[in-house]
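The form predicted on its own is given below as one chain in structure tokens.
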């Protein structure tokens, strides 16, 4: 397998991951503030892409235009891709979600699903059922050579623009007045209101910012792939939500990390030979064994009460993890007499199953090293990785670890 192919695939994976990240940030911001999943966010992304594409078509963009005029047209498309989703996001929050705030969580969830269906049908009514296509521009296929490797200009633009937007969002949340209001609302809405924060405006602002990022993601997707279908938001939204969960729902850096992991995994999984991918799985197995044998037992010892902390008891807790096939199974089959050992045994079995799965996968991939997975299995690869990672880290890669109750 050539280095050129690996670099090209890596750039493609980063590009896809950055697109997922722009959409995932909307999910994680809304969840961070309201502890609620906005399942209509994928359709907001679609509206951004459709609005941008139809704006460029209406302006008659073509390669005969001067660079300045074309840049102006693209800027107008960008504004359309931001303003339309921002407006839709604000209306969704104001009409569909705000009246249901404080109700049982299942009610806003059902409302979100209903809004998603309604918006998808509205997209069909307004724009038509046929996929929207971008004007054929040289910019769409332009590339440059880096060390003899051809890289698409748009791929680099997507990576750079997405990175800048994420840095800007991080600054907004951590260093501005409205960002502090968002964090205060997330921690305790009632306390934030008592401190004079207008939580309604803060929540609406959160929806607006998340929708703007999704709209920019829609513009980048339609420019990169050349077309967009009315139901594309469902799959992209599902992948972005998966990225948010993978990185730690409610955590902005986690959403970015989860999106990059998902994008790279999907792209690598269907573009590289199994023999090459097996080394990544083997590295994951080494990390998994370290977590099971060293990291988790050390942390679990901190939960032992002082009146029960003896060398024998500490050794039994360590053995549950390090000799899981025997001690963990034995503890689970025995009558429950010790809460900490029982919880540790359940955790150890999950970790053991995860490591066994990684070991079996690595062995099979080395055996069939020349095989390449069909692209139709791309979603399966993504969700298998999600399940394996959550098996080791239930809160997500950068999510806040929650102490198990015993």
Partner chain sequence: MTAITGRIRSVTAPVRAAFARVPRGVYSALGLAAAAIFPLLNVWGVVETAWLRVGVLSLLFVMLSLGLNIVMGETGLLNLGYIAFFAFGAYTTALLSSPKFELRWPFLAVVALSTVIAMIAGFVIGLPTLRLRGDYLAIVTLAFGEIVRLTIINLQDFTNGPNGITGIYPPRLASEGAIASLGDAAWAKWLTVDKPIEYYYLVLVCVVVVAILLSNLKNSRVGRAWNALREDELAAVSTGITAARAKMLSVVLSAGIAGFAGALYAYYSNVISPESFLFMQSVIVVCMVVLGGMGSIPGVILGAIVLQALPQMIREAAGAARSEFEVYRMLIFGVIIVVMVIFRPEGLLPDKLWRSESHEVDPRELEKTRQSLFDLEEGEKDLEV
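Given the structure is predicted, the values throughout are model-derived calculations rather than measurements. Numbering follows the first chain given and starts at 1. Under this definition, the rigid core comprises the largest set of C-alpha atoms superposing within 1.5 Å between the forms.
Same protein, other form: the form predicted in complex with the partner chain, not shown, and the subject of what follows.
Using a 4.5 angstroms heavy atom cutoff to the partner chain in the model of the complex, none of 134, 236 and 385 count as contacting. This chain appears without its partner; in the model of the complex, the one residue of 95, 286, 157, 142 with a heavy atom within 4.5 Å of the partner chain is 95. 109 is the sole member of 71, 151, 83, 109 with a non-hydrogen atom lying within 4.5 angstroms of the partner chain in the model of the complex. Picking from 143-151, 259-267, 122-130, 211-219 the stretch near the partner chain in the model of the complex, with a 4.5 Å limit on heavy atoms, gives 122-130. None of the heavy atoms of residue 357 is located within 4.5 Å of the partner chain in the model of the complex. Contact check for residue 253: every heavy atom lies farther than 4.5 Å from the partner chain in the model of the complex. The shortest heavy atom separation between residue 99 and the partner chain in the model of the complex is within 4.5 Å.
At the 4.5 Å threshold, heavy atoms of residue 241 reach the partner chain in the model of the complex. Relative to the superposed core, residue 14 shifts its CA atom by less than 2 Å between the shown form and the other one.
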